[in-house]
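Below sits a lone chain in structure tokens, taken as the form predicted on its own.
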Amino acid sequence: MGYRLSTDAMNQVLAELGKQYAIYAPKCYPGGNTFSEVDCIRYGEVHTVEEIETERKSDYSFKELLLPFSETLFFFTENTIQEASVIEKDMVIFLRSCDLHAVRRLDEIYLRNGLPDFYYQRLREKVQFVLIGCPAAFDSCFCVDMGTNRSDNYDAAFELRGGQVYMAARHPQWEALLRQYGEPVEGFAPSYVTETPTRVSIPADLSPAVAKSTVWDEYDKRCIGCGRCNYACPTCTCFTMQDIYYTDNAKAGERRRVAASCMVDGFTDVAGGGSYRKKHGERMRFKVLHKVYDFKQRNGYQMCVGCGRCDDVCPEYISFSAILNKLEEAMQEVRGDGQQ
């Protein structure tokens, strides 16, 4: 059963939910982008439906709520270690289908890839997801080709239609709130994209041999190694560790998990002074094949969800979707080399 609500009624629902949950959704921060006087759409806490940005794609994903860019794991002194506390409230996160599919990827990496990651798990257990209906694709989206345009694995669905809110909830408490403030609507289901302006085709016979192609060479000059593609991506999960020592007591401090990027300098530095994949084309090759070959070999489905954020944020206008469409050409090149 779905419900139709006015914006005022929806704000009442959010106010009630806000007593138990911290509610996060895509939100506009005027002038908050890295470029001068450009708005930034990213996840932030919201209290009213008017704050939820549904017309524009978020520049950054929900990922930073489950994997903060900088997260204190524990505090230490010379003799003691104290685990960092977790947020008290549970969380509600509004997100689109591609991002909801990204949650599955994060869960695979942090919960089912060996022992569960304690710090990720304790946040993950506090989250309920609200699927934002997606009636039309953005220019850089290619979710249909990645099979992430539709999802049924949500706790509630939300969509703005004609100035009114349509919702359906699988959570009994939320269902009661919608019944209290809304009008029942038969057959409501969140919209989903069926075609996208951007299309990708990944070779069915993609193999590690594609690493030998010359297709990667152009990125030695084009890519500047800023890592923005990784930080905007909802499924990039690499991190590094930093120990911070306090200036007033050099024997006390904290250990932080900090987001890292396979595209930036220093990512492959190892003890003894070694460093690998120094060329940007080599880093691009590693990233692409991890997204669309290695992860699938391990788990049976693609890591990339086709959100297109990497295309959107790149200051050098490098298109990840265009790279994927070059893989067939790269495979043909490799096959040709092998036949000589």
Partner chain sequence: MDINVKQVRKNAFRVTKTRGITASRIRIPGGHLDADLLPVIQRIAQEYGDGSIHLTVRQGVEIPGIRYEDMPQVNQLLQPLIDRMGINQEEPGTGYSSAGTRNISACIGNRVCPYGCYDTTAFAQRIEKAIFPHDLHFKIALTGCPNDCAKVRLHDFGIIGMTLPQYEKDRCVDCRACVKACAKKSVDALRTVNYKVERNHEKCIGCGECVINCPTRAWTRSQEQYYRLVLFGRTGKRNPRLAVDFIKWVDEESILKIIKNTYAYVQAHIDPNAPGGKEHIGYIVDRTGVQEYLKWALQDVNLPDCAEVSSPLYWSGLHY
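Positions refer to the first chain, counted from 1. These figures come from a predicted structure and were not determined experimentally.
Keep in mind that the form predicted in complex with the partner chain is missing from the display, and what follows is about it.
Within this chain, K57 is remote from the site of the partner chain in the predicted bound form, having no heavy atom within 4.5 Å. A residue is said to contact a partner when one of its heavy atoms sits within 4.5 Å of a partner heavy atom; A259 meets this definition for the partner chain in the predicted bound form. Although the partner is absent here, R42 lies within 4.5 Å of the partner chain in the predicted bound form, judged by heavy atoms. Using a 4.5 angstroms limit between non-hydrogen atoms, W174 is distant from the partner chain in the predicted bound form.
Using a 4.5 angstroms heavy atom cutoff to the partner chain in the predicted bound form, none of K63, G163 and Y181 count as contacting.
Only one segment in the set 137 to 145, 68 to 76, 187 to 195, 89 to 97 has residues whose heavy atoms sit within 4.5 Å of the partner chain in the predicted bound form; it is 68 to 76.
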